[in-house]
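Before any questions on how it binds or moves, here is one chain, the form predicted alone, in structure tokens.
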């Protein structure tokens, strides 16, 4: 029977002792889980070792921890694979610790109420239908719900929250799990508060524009919810569908980025900032008082960039176009000529495409 060493981060607030590391030797077949290893250590070596778990089938989401630096479900991580990953880092121990971005209650148990569930409640996670309720249930065609099936797969394990780099920098960030849950109702045809939800999240400085696209939540999600993808869909709904010009300049930044690529083929960074402050317009950024105020506050950053050589005066004033820029514009023209935007829900249709999958994806169209 293979023997593995689990290096577990211990913490008991009642002891008054600082967090520390403790190693446990366990014997398990390699196909058994890391959770099995932790439970064996608790049952045979230290009954005070604490971890939250329930179904042991990757359904309840209770046992999310950080294993070898990567957040995931302990019951869904094979101990043999975890050991091989540790070896690839030059270690002979499987490191198990509590998730990040949440207070630790004891050992591997974190306070989900303090962060995860608090943020989920922030996005009003229930339907807000219009009019009086029907005599029975709200009925919608199944194809109308395809758009939200990916977010409905969330088991609220908190893995994305524990791995989120934006939350490390800004603890007030609403977070990937809550924003994915927000799209579950924004995309629901029965909900009547879509614009209000989007405006609320766009205007919040810790809302949908606080995500930095690090992909960490996509990588660790055990159910393929891809929270960052849902955040980007919220942004597209807010900007393209409702034209919400928010105080965080999310609308302006997106428009500036898209327009610059269409014009030059590559990003003209010297114009990106002023255009973002001017709701996508370079002229507006030079005449609008609020835009000028924001530009003035950014001058120290610009000066530091010039001093360090990251930005040169020549590059700031002149930016070359791609030699075949007409092909980039052709792509833009073709996309803009379509009456509807097609959102491919890869959770349902897969990544390979095809006639059958394409027909299924028609249910993902957003007006």
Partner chain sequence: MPQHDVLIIGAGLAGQRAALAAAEGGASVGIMSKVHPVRSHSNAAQGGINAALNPEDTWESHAFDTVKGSDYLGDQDAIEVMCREAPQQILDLEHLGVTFHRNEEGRLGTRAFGGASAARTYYVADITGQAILHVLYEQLMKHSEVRRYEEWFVTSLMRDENGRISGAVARNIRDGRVELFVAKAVILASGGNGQIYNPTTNALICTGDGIAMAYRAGATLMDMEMVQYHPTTLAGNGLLITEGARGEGAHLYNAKGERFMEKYAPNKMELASRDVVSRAEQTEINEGRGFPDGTVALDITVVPRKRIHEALREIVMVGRDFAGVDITREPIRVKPGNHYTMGGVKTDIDGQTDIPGLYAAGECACVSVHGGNRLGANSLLDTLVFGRRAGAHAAEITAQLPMPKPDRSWVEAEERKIREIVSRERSGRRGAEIKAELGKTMDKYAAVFRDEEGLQTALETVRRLKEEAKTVATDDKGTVFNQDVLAALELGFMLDNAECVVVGALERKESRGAQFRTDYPERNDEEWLKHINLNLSEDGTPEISYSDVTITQWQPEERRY
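Because the structure is predicted, anything quoted here is derived from the model rather than measured. Positions refer to the first chain, counted from 1.
The following text describes the form predicted in complex with the partner chain, which does not appear among the structures shown.
With the partner chain left out of view, the stretch that reaches within 4.5 Å of it through heavy atoms in the predicted complex is, among 233 to 241, 272 to 280, 207 to 215, 180 to 188, 180 to 188. Although the partner is absent here, residue 62 sits close enough that one of its heavy atoms falls within 4.5 Å of the partner chain in the predicted complex.
Although the partner is absent here, residue 125 is a contact residue: one of its heavy atoms lies within 4.5 angstroms of the partner chain in the predicted complex. Looking at residue 139, you'd find a heavy atom of it within 4.5 angstroms of the partner chain in the predicted complex.
Contact check for residue 66: every heavy atom lies farther than 4.5 Å from the partner chain in the predicted complex. The candidate spot formed by 52, 106 and 113 is fully in contact with the partner chain in the predicted complex: every one of the three has a heavy atom within 4.5 Å. Just one of 153, 267, 165, 192 comes within 4.5 Å of the partner chain in the predicted complex, counting any heavy atom, and that one is 153. Contact with the partner chain in the predicted complex, judged by any heavy atom within 4.5 Å, is made by just one of 256, 79, 201, 157: 157. Shown here without the partner chain, the chain has 13, 14 in 1 to 28 lying with a heavy atom within 4.5 Å of that partner in the predicted complex.
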